[in-house]
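Here you get one chain, nothing else, as structure tokens; it is the form predicted on its own.
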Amino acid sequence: MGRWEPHSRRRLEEAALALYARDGFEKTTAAQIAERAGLTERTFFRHFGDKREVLFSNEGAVRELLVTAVRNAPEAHAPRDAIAAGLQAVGGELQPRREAQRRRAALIAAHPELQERELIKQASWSAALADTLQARGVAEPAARLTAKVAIAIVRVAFERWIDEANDRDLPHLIAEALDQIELFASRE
């Protein structure tokens, strides 16, 4: 093998998902993932700290996309509209990878240690979003609450999106969830 392998990270992710589905998460090793991807185990560890991290490799990029979209929303936008812009950006990013996200979600649902890691990811997104809202002038308690609700909205929309019976796109489901929260809040 050469020193540089094109698309190594993506190949490792695809190999991991295939092996996790075939052999199970517990039985799959980093060496097996690397071998299936046609790479070395050392290359695997250049990209990922362990086999769990393959499932969470886009966490930082998606969090940054969310925060940037909220940060860059026009100042005149209400916090709800800034949040909507961020959630729509995330929905657009994930939309092309629906089948991989379905497989990923099924794996996470089957393993408590992966569920814990998923919750840590969501808490990280929520904290970053709350900081961004505060930078936009939202008071601390409201920023934290708004961020937690936003993460709940994307989670509910995501769960509906990966449902095999559902063929609607993720951005649409996010908008629908935002509208449902708004309807609930407007009732007296």
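The first residue of the shown sequence is 1; numbering continues from there. Just so we're clear, the structure is a prediction, and the values are computed from it rather than from any experiment.
This next part talks about the form predicted together with another copy of the chain, which is not shown.
Interface residue remark: K148 is counted as part of the site for another copy of the chain in the model of the complex, having a heavy atom within 4.5 Å. Under a 4.5 angstroms non-hydrogen atom cutoff, another copy of the chain in the model of the complex has I153 among its neighbouring residues.
The shortest heavy atom separation between R71 and another copy of the chain in the model of the complex exceeds 4.5 Å. Among residues of the shown chain, K51 is not one whose heavy atoms approach another copy of the chain to within 4.5 Å in the model of the complex. Listed residues A127, A31, A142, A135 were compared with another copy of the chain in the model of the complex; A142 is the one with a heavy atom within 4.5 Å. The partner is not drawn, yet in the model of the complex one stretch among 22-30, 158-166, 35-43, 62-70 has residues with heavy atoms inside 4.5 Å of another copy of the chain: 158-166. Taking another copy of the chain as positioned in the model of the complex, the residues of 109-134 that bring a heavy atom within 4.5 Å of it are, in sequence order, P112, Q115, E116, R117, L119, I120, A123.
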